[in-house]
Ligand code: THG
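This document starts with one chain, in the form predicted on its own, laid out as structure tokens.
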């Protein structure tokens, strides 16, 4: 499982305050904690910290780059901020994200191509998030076709089927898992599949239990990437165990410890 650490995000109060005060230390502390806990990449998101997304994104990226050369997932809905973040970051990059409509993909995918970045394509188009499996799969197919148009390898494409909170869209949970399975079969090699894991439990009780259970079920259906908090030990242990039971690693009595060595 490829884990994208979610905590360098202005939606969290400590990071929001750090961005506003231009204090690198809290950002760098969180970044290093995520890496130490097992993150393969870090999601970098200004969030609601400031209206000046471009300069804040550059500052945030540069603060993280001072302490780690790990892959960075530049996370913004504003193209100018995405471009600024990419130019400031260098190294391995993930474009997070583009909607799955032609207008959005024609703007964002050339940037991913230019920087040899992974590109996350959301199963959202001009009509919003599809309410059924078929709609999500159709957008994913359009995304793969558009990637081929720009000569981007399918292995560089990551599809996000869009997770909605279980407390307001409970019927969508099963549809997301079905979509994951079908999207994985669209090409050989398959595109990657990612979810923003904490979306499933947003404003729910028992958030940890919901996140862990959903993670294991998504792994069983073929998901291979997740945006989450790797410092959550119980969640990481669930992920490691789920992948073991899907025969993605070799069993030993110390399989949890072996994952980190």
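Model, not experiment: these values are computed from the prediction. Positions refer to the first chain, counted from 1.
This next part talks about the form predicted together with (6S)-5,6,7,8-tetrahydrofolate (THG), which is not shown.
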Q) If you check in the predicted bound form, is residue 227 within 4.5 Å of (6S)-5,6,7,8-tetrahydrofolate (THG), heavy atoms only? A) yes
Distance check, residue 43 to (6S)-5,6,7,8-tetrahydrofolate (THG) in the predicted bound form, heavy atom within 4.5 Å
yes
(request) Report whether the minimum heavy atom distance between residue 123 and (6S)-5,6,7,8-tetrahydrofolate (THG) in the predicted bound form is within 4.5 Å. (result) no
> Would residue 198 sit within 4.5 Å of (6S)-5,6,7,8-tetrahydrofolate (THG) in the predicted bound form, counting heavy atoms only?
Replying inline: yes
With a 4.5 Å heavy atom cut-off to (6S)-5,6,7,8-tetrahydrofolate (THG) in the predicted bound form, the contacting stretch among 231 to 239, 199 to 207, 214 to 222, 31 to 39 is 199 to 207
Q.
101, 104 and 108 - do all three of these have some heavy atom no more than 4.5 Å from (6S)-5,6,7,8-tetrahydrofolate (THG) in the predicted bound form?
A. no
Within 60 to 80, the residues having any heavy atom within 4.5 Å of (6S)-5,6,7,8-tetrahydrofolate (THG) in the predicted bound form are 75
